[in-house]
Ligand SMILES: Cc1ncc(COP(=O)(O)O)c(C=O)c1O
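Here's a solo chain for you in structure tokens, the form predicted on its own.
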Amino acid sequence: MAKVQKVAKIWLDGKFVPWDEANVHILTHTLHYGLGVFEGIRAYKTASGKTAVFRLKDHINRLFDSAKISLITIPYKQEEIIEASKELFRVNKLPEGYLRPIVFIGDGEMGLYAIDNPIRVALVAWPWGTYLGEEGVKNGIRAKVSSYTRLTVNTLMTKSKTCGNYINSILAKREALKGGYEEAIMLDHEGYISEASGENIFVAKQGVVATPSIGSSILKGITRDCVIRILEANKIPVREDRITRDSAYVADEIFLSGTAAEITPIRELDDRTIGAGKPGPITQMIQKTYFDIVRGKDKKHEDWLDYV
């Protein structure tokens, strides 16, 4: 979780502006009330030497879906955001990095309604390493079931990647880190495993992989979709189902998936060693396949790469 590295330009409201000039007013509505939507996207330097943004169209499509759920009308077409995202890597001469599109409500009226405030859009990209650390990706992390319950589907819209939703995740993450763990696992309101603070979760037992269904409280992860397709392509049974915390304790393997975390194994949950205490064969296969895909080495999923 390294600090953000400054680059030359940020795309803000249709223009490339210097990093230090991409500022907003203190009365920006989203800053006060949390209604805004965002995405997390990665670009990788591929084996050919070219830069490719991974599943860019799918991420921007979800950004627009999140905005629709949140009653926000984005003042640009999807194609404009996609092209501006690629141009951002060209302008900053970034061979790879993390891309953060954010749509937020600007200043004007205060109060909850503020329907006439401008809708603003920014794209920021910077070099960023593995979210949970190289050591975590290689050897696995320690996780703890959080005392905070994951948002329910009728409390806040869980299929929207909404800024304010992440207060729930921040509290869970901080609790886990203060307790000496690297990640929090959150339960839904019925006590079943939902997801981590910012990642989807997969649990393997006796060759079968389970993951919570999209009908529950989880965000429909794009990396999650990649993992399911990789499992199916390798004839590994995968089911979307409820998972109890005690069934996770006796799993052979557990791993997390997400744009920032990529594929990160869990070696310990609630002070219980998972499997052999190191990444298992299914996790290792998923990791290798995933990184081959994003690096352009696996041509079966070339359509997932948007070359810059």
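Numbering starts at 1 and runs along the sequence shown. What you see is a predicted model; the values in this text were computed from it and never measured.
Quick note: we don't show the form predicted in complex with the ligand, though the next part is all about it.
Shown alone here, E199 lies within 4.5 Å of the ligand in the predicted complex, counting heavy atoms only. Contact annotation: K45 falls outside 4.5 Å of the ligand in the predicted complex, judged by heavy atom distances. Residue contact with the ligand in the predicted complex: T259 places a heavy atom within 4.5 Å of it.
Proximity of H59 to the ligand in the predicted complex falls within the 4.5 Å heavy atom cutoff. The partner is absent here, but in the predicted complex a heavy atom of I222, alone among I82, I102, L187, I222, sits within 4.5 Å of the ligand. The stretch from 213-221, 111-119, 86-94, 139-147 that comes within 4.5 Å of the ligand in the predicted complex, counting heavy atoms only, is 213-221. For the partner-free chain shown, K161, Y166 of 153-176 come within 4.5 angstroms of the ligand in the predicted complex, judged by any non-hydrogen atom.
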